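Coming up is one lone chain in structure tokens, specifically the form predicted alone.
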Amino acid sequence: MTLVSIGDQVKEGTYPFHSRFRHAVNFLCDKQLISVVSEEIGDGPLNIVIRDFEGQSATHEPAPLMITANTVVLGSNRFEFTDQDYYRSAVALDNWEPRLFHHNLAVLAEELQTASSPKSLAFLLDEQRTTNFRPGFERAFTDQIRRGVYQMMNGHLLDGVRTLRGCGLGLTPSGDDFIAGLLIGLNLLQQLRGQDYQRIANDVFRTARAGNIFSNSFLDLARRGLLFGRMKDLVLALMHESEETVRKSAARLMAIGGSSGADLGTGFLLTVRGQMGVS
């Protein structure tokens, strides 16, 4: 095994084991998680990417994760790293072309509507996709999502966040993924428009935070504009690249989880399109 990258938010310390999955082992860092992950998961602000890593290869609880100024120690494995191994999670905007950006947003919308998971939140972009949801619990879920987004778009942002918070299933429910997309969108709009959305983002984060440490970690990073690799690649593609690159980046994002990537992308898209009623 070899170290591929280490996130720029990983700090020195000793961190106790929290949980494991096929491609990740998580360690508790205050109210967030540091994750040792495979290349399939990829770069992230709090990710340590290890080539040939298998999260479930050991049957016992791993030893604590130890980080020094230039070393990662995981059980009997020791990985050296230098400054060049850090993954830089912030998006630094330079020159960009607004017409290209808006065109690429339309490409992203098309990809979300045509290529995302049938039960993703892309039904917010195409009402016909609601037929993918069965009567009963699933339709009640879509109604709650619609209600929360309607509140957001009509001047009741935090009420909408409360409605979406924790809505759905999985490690990071669909509503939380949407809110993370909103926060990433606000951070990008702050750079594009030169307007200060930080107070709004902080209020959204405080309102969205609940008892799910996976969501809380993700939401806090999104609030600060610190992006995992697939999302950063998409944002940069939207700003600078061709339709083909945007489609490829969108596909990589939508491959995350059952619908998590698409739900995140939908929240991001609606926000940067200016449909969330924030000012």
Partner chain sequence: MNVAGQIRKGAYFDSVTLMRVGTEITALPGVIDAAVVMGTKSNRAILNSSGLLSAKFDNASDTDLLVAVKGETETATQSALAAVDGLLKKAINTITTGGESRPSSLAGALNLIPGANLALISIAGRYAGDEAMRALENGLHVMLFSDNVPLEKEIALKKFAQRRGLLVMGPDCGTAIINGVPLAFANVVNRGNIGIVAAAGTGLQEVSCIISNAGAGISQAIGTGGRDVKQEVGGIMFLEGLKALAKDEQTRVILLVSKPPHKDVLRRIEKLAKTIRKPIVTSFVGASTQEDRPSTLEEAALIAVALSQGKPRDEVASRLVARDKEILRTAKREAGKRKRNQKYVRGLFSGGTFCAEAQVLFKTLLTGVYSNAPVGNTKQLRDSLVSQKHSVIDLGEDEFTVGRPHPMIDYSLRNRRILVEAADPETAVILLDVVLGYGAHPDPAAELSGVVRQASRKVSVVCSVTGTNHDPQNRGRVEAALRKAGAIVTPSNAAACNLAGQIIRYRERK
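Residue numbers count along the first chain shown, from 1. Everything numeric here is computed off the predicted structure, so don't read it as measured data.
The form predicted in complex with the partner chain exists for this protein as well; it is not shown, and the discussion that follows is about that form.
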{"property": "Segment assignment from 204 to 212, 151 to 159, 187 to 195, 81 to 89: heavy atom within 4.5 Å of the partner chain in the predicted bound form", "result": "204 to 212"}
{"property": "The unique member of Ala251, Leu236, Met66, Ala63 whose heavy atoms fall within 4.5 Å of the partner chain in the predicted bound form", "result": "Ala251"}
{"property": "4.5 Å heavy atom contact with the partner chain in the predicted bound form for all of Pro45, Gly75 and Ser217", "result": "no"}
{"property": "Contact of Asn104 with the partner chain in the predicted bound form (heavy atom, 4.5 Å)", "result": "no"}
{"property": "4.5 angstroms heavy atom contact with the partner chain in the predicted bound form for Gln9", "result": "no"}
{"property": "Partner contact for Trp96 in the predicted bound form: the partner chain, 4.5 angstroms, heavy atom", "result": "no"}
{"property": "Touches the partner chain in the predicted bound form: Gln128 (any heavy atom, 4.5 Å)", "result": "yes"}
{"property": "Within 26 to 50, the residues that have a heavy atom no more than 4.5 Å from the partner chain in the predicted bound form", "result": "Glu40"}
